[in-house]
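Starting off, we have a lone chain in the form predicted on its own, written out as C-alpha cells.
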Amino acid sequence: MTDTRRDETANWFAQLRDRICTAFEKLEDEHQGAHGDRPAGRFERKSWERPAEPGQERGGGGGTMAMMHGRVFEKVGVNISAVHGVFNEEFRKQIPGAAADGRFWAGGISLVAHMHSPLVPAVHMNTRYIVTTQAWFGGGTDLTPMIPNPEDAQAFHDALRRTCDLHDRAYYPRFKQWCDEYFFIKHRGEPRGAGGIFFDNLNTGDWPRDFAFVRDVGTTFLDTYPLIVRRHMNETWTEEQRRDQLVRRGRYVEFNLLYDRGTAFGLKTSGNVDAILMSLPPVVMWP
C-alpha cells in the first residue's frame, strides 16, 4: 500500500504533533499560578506497533503516544498513528469503500487536554486521512469549558470561521452544525461543550485543496488554543469550581465511551488501547 499522499499526510501529522508539544511545554514554563511548586511538565513519548493479523508475520503499522502531566495540563495526550490492515466483515459495512474490499490505511493525529484549572477549558482536536477503495479526510476540534466563558467560545469559533472561509464559505456553518449534532450527549440531552467544527468524508475531488484545509485546521488550533490557556492559567479558583469541573468531566467520559466513533474505530482495528483511551481524564466525579 504505497502512496505518496499517505506519506505526505503522515509526515504532516508528525510535524504538527511536534509543534503542539513545543507550544504546550512553553505554557508549562510560563505558568506562575496555583501548582507552581510542581515542575514544568514535559511530554514523554512511547511508540507502539499494531499487532499482526492472522496469517501475517508483520503488524500493520503503529504510532506514537506523547503524554504530559504538568502544572497547567493535568493530562494531555498528542498521539499520531499510521496503520493498515483489513476490516472485519461486520465493521467494513460501516466504512465507505470497504464493503467489497476490506483493506484500509488510516493515519492521523489525536489530541485531548484536561487542565488543572477549572477556568481553562478542556479541548479536543483530531484530523485523519483514511484510504479504502475510496479516500477522504475527517476530523475537527471542539472546546469543552468546565465553567462557561462566552468570550473564549467566541474567540475559538471566530478563528475556525476565518479558516473555513478561506477555503469554502459553506464549510463553517455546515461543519459547526455537524459538530453540534455529533458532540451531543443523547442520554442527557445536552451538548458536550461549546462546540467547534467536525467533518468527515471530505473528498471534493481536489486532493491538494482538501489537504490544505486539514493542515489549516491544525494550524488554527495551534494558534488559538494556547491564547485561551494563557488568559486563565494563572487565575485562582475555588474548591467548588474544581468539583464542578470533575462532575463535568464525567459527561466527557460518557460521550467518549458510548458515542465516539474514533474510539470504536480504534478498538475495532486492533489499535493501541492506551492511545485510544488517552482521551479520558485522570480524575473524575459523578454526583
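Nothing here was measured: the structure is a model prediction, and the numbers come from that model. In case it trips you up, residue 1 is the first one in the sequence shown, and so on.
A second form of this protein, the form predicted in complex with a further copy of the same chain, is not displayed here; the remarks below concern that form.
Student: Just to confirm, with a 4.5 Å cut-off on non-hydrogen atoms, which of Arg71, His124, His157, Lys75 contacts a further copy of the same chain in the predicted bound form?
Tutor: Looking at the other structure, the residue within range turns out to be Lys75.
Student: Check each of Leu222, Leu257, Ala40, Ala52 and return the one that places a heavy atom within 4.5 angstroms of a further copy of the same chain in the predicted bound form.
Tutor: Looking at the other structure, the residue within range turns out to be Leu257.
Student: Give a yes or no on whether each residue among Leu166, Pro173 and Tyr182 has a heavy atom within 4.5 Å of a further copy of the same chain in the predicted bound form.
Tutor: No, none of the three is in contact.
Student: Just one stretch in 199-207, 139-147, 186-194, 96-104 has heavy atoms within 4.5 Å of a further copy of the same chain in the predicted bound form, so which one is it?
Tutor: It is the stretch 186-194.
Student: My question is simply whether Leu277 lines the interface with a further copy of the same chain in the predicted bound form - judged by any non-hydrogen atom within 4.5 Å.
Tutor: Yes.
Student: Does the 4.5 Å heavy atom contact test between Ala34 and a further copy of the same chain in the predicted bound form come out positive?
Tutor: No - in the predicted bound form, heavy atoms of Ala34 and a further copy of the same chain never come within 4.5 Å of each other.
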